[in-house]
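One chain follows as structure tokens, the form predicted on its own.
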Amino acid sequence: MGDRMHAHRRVTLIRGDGIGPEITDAVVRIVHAAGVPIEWEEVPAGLACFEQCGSPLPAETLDSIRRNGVALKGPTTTPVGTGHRSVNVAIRTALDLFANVRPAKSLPGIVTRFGNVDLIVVRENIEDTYSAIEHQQTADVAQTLRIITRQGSMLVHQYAFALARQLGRRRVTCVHKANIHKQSDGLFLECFRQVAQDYPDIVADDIIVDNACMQLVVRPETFDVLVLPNLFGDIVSDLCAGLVGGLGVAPGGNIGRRHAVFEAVHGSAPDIAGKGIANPTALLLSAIQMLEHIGMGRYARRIEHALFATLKAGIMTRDLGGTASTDQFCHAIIARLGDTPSDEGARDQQPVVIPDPPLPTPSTVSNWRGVDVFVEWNQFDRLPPVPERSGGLALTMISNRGTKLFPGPPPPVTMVNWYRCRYTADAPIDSSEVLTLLAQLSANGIRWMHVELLPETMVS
């Protein structure tokens, strides 16, 4: 299919904060010079947007992405510890962009410790600790809930395998910590193995995340496609970016069933904003990834060849060891757009089709046989005076920071004012018995924070 057969595509454009407007401008100029039939619809987001209109992500910005189905986004600033929520996280959750796809490929002219890296990190993008379900339990204890679901896990695994097959990749590796997180990572790994059965042409294996990190910095060439839960994927994808030159050359795409947002994964670098030295490579590679996603692979290859030729010629920005300004780098790429035929090594692919997630699984828990009650107690010279029995419930354990204190003599460990008190029963319990126990705790002056009901399998 020739370039003239491509219809114009409307794409949402978010320039972002800091160096975002500079590198976005460079990428837009390169895309235009390559003749890509794209019409940009520019909308705001980020810290500057928040300061101007009171929202870092206005409704019209999300509406634009929903209308167009695809967006290119520059880096945005997220305050640390306080302030507004990450724009990236907000976009991903609002549009159900369940897969974060981060290619890591050695680039010509960029010298690193490794010269043969060519892998793709597929990171679950919605849940895990990024669900942002956090609580201050006591003044000394904060809690984050780590959410792993069957539906979310199935979606990201299905995408990883489908992408691998489409790109001719031969291996998909699930990275997890199921040896410790037996329920959450165990579910993630279970779903991986289930999906793998539908792709007998692709090798499927798994590896514990700490071992994966070690192997990646020893022999990264052995990996092909990695699929990970959100938090591990966030960390490992940056590690992989370091293998090929850093975040300045790391593209990223956030993929959903109906929408996709492509972005530079590095920060907004306000310290160099306006100096004309920012590196647009990451955002340009993200634009290339975007063009492949929307079926404009021939244009993607043209731009990629020009970028590679520029890097081979030693024309780079300062962060990569060169001397070129942002404008000089941009002009050098544009000057090389005609050096390679647009269809050399090109492919016009369509977005990977992902089936709908499975319906919720009916509960397999027939009976509750216990309850964990988390309580606050500030006197470390004795255990909290919780009742030893409440109806059919009997106190069977008290722990602190994961260490058992009761029954038996308490070990000499550092403790905090947050205790888990486990009650179990010989027969099934109902909510009324739990409420009676909580009332007894309150009557004894014990402050309880939250409760976890326990199925029979957890107390047997």
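Residue positions are given as counts along the sequence shown, with the first one as 1. Owing to the predicted nature of the structure, the values given are computational and were not obtained by experimental measurement.
The form predicted in complex with a small molecule is left out here; the points below concern that form.
With the partner omitted here, the stretch from 137-145, 290-298, 67-75, 117-125 that lies within 4.5 Å of the small molecule by heavy atoms in the predicted bound form is 67-75. By the criterion of a heavy atom within 4.5 Å, His176 is excluded from the residues contacting the small molecule in the predicted bound form. The small molecule is not shown here, and in the predicted bound form it never comes within 4.5 Å of any heavy atom of Asp210. Proximity of Ala160 to the small molecule in the predicted bound form: non-hydrogen atoms within 4.5 Å are absent; the residue sits far from the partner.
Contact check for Asp198: every heavy atom lies farther than 4.5 Å from the small molecule in the predicted bound form. The contact residue chosen from Ser268, Asn100, Thr310, Ser237 relative to the small molecule in the predicted bound form is Ser268, the criterion being a non-hydrogen atom within 4.5 angstroms. Between the small molecule and the residues Val172, Ala104, Ala278, Val156, the one pair within 4.5 Å by heavy atoms in the predicted bound form involves Ala278.
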